[in-house]
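Only one chain is included here, represented as structure tokens and corresponding to the form predicted alone.
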């Protein structure tokens, strides 16, 4: 492919999925990653050793590292971010620095370098939760008043920055729902629950487990980004979601995992007091805008859960060396 793409945060969860997806399509990619706890160079070693991608360790807040990574780049896919709500409660300054200031530096330096298109990866959390109905792109308010954590507030501010740049430069903002799939750090719900059961521990389910999340398979997000590279219109934000029918509660997700791992949910799910009662109970996005553009997400949730469980079964050495650190934030 003629396009040369810089992927920031490409050693993280969704970034890794995207890099493998695009490498399979023959794209020329450079990965810039700071390699925090959530980013693993080992994720990408097979691609690096095969000469399919170039890897550069660096911080998006370091202008010199960013400038160096942008040499010859046509397109930027900007994943790099601190991404865990619980961690943001104890270190909000880090989240602001990386997610807001880092995004500002990436935008400024990318267009100084003549980048042709910049896709910023935002989140459904910029809208906050919604009891009924679905948020459309125009429902995002300026500022972070809808967001409910230091993480989501920083992402909301970064989203505003990207949209502001999009008035004068070719910027697109993607707002995906709750991604899951291979290479997800085991601090997040699904890999935490899967790895717990594989280690003989129960699934800790908050409250009654009736919280609703829209489970979007990370390889689907990757295909969406490839689509937006070609068809996305500069200056626009796009929601992408699975929009399950019926919606999937956390309890349903946990029961599916128990079934796939062949354990009894009545014995392997432990209900614990919700540390944040009524907090972010339901997230839901309207995806008419992106479907009208021509992208329709591939939705087969149970099959995608099955593939995810299979990956964690087959890659236990990957997550076992990360499990202790991931669990430390819950103690």
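Numbering follows the first chain given and starts at 1. Worth saying up front: this structure is predicted, and the values here are computed from it rather than measured.
Keep in mind that the form predicted in complex with a small molecule is not shown, yet the notes after this line are about it.
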Contact stretch among 121 to 129, 159 to 167, 256 to 264, 135 to 143 - heavy atom within 4.5 Å of the small molecule in the predicted complex: 121 to 129
Contact label in the predicted complex: residue 297 to the small molecule, heavy atom within 4.5 Å: no
Distance check, residue 81 to the small molecule in the predicted complex, heavy atom within 4.5 Å: yes
Contact label in the predicted complex: residue 290 to the small molecule, heavy atom within 4.5 Å: no
4.5 Å heavy atom contact, residue 244 to the small molecule in the predicted complex: no
Three-residue site 75, 100 and 232 fully in contact with the small molecule in the predicted complex at 4.5 Å by heavy atom: no
Selected contact from 222, 110, 239, 184, since only one has a non-hydrogen atom within 4.5 angstroms of the small molecule in the predicted complex: 184
